[in-house]
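Before any questions on how it binds or moves, here is one chain, the form predicted on its own, in structure tokens.
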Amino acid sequence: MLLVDILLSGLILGGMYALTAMGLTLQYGVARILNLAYGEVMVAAAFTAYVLFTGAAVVPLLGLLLVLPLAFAANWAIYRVMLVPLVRRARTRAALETDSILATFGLLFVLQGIGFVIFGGQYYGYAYLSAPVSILGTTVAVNRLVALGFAAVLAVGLYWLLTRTRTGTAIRAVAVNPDAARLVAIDVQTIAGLAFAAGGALCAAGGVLVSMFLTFNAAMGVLFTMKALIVVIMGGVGNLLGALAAGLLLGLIETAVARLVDPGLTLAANYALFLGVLLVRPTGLFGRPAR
């Protein structure tokens, strides 16, 4: 039953990676903002879920109804106040990426510092739906299955939004060619802000779901950002299906190494997989070569 345990645990972990990476795909693939403070949003959402559950007895799944709009509004404000001036100033995409890296790198330390002031450096966690269930001879906590289910619903909802609505069509148009999008009367700056805010909301959803079964502290944002970047680049920048496939693959490989070899080698396995994919396909699993 070890194989079943690896597959199930890997899919759950990979589903969380995929969900968070989809948010970064929106931010980087559409708005052209490489957000190094991305993981801090995830940590902030996890702490919000913790405070709501322990202080107000609001279960995390209901807490999503509060966290998602708050995260959307906060990321929209960050884009409008801090990043729009960079967009207007940048002459090229490369210049915008460089400026956004520097700006969000500073934002990372601001958000992380606020987290340390409020919560300190210790780890936090809470018990919610932690009862074990048996599936095909392996035991898994209910909260992990619920998190995977909600992640799947959010991912399907995002895919439907992008492929079946006019707003989604506009987002995809801006991602492919913002200059051409302007020619058909698409407000590129508004759409980019919408994508950035939606990406932040997806990241916050991942933070709430992860908080149900993992311990966390104020310093873990960098780790989440690194994992999301690995998944986005492996899958192909701007490709949501690529982020999904790469996230699931990374979760399965990480779980297999932890179970079969040594838990301390999971980070090395992440980088090995990342480098292996880039050596074979430099544009990622689903990326398209530049023309």
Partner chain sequence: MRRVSAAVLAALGAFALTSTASAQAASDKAVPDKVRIGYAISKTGPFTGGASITTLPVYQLWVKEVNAAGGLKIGDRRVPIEVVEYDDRSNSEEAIKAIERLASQDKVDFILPPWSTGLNLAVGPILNRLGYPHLAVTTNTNRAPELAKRWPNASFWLGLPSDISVEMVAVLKTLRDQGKIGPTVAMIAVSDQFGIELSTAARDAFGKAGFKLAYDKSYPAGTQDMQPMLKDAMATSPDVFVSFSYPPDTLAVTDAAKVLSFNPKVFFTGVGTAFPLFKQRFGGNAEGVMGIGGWNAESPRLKDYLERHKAGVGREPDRWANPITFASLQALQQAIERVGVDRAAVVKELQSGTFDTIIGTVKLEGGLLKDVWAVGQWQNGEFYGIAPSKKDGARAAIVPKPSWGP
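For clarity, a rigid core is taken as the largest C-alpha set superposing within 1.5 Å between two forms. Here the structure is a predicted model, which is why all the values come from computation and not from measurement. Numbering follows the first chain given and starts at 1.
The protein also exists as the form predicted in complex with its partner chain; that form is not presented, and the subsequent description refers to it.
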Counting only non-hydrogen atoms, the one stretch of 31 to 39, 236 to 244, 261 to 269, 58 to 66 within 4.5 angstroms of its partner chain in the predicted complex is 261 to 269
Looking in the predicted complex, any heavy atom of Ala127 within 4.5 Å of its partner chain? yes
With the partner left out here, check for me: in the predicted complex, does some heavy atom of Gly157 sit within 4.5 Å of its partner chain? no
Decide whether Gln189 counts as a contact residue for its partner chain in the predicted complex under a heavy atom distance cut-off of 4.5 Å. no
Using a 4.5 angstroms cut-off on non-hydrogen atoms, would Thr138 count as touching its partner chain in the predicted complex? yes
Here the chain is shown alone; which of Ala173, Ala219, Ala73, Ala152 has a heavy atom within 4.5 Å of its partner chain in the predicted complex? Ala219
Checked 209 to 246 against its partner chain in the predicted complex; residues with a heavy atom within 4.5 Å, sequence order, are Phe213, Leu214, Thr215, Asn217, Ala219, Met220, Phe224
Is Thr225 among the residues whose Cα moves by 2 Å or more between this form and the one not shown after superposition of the rigid core? no
Against the rigid core, is the Cα displacement of Val257 between this form and the one not shown at least 2 Å? yes
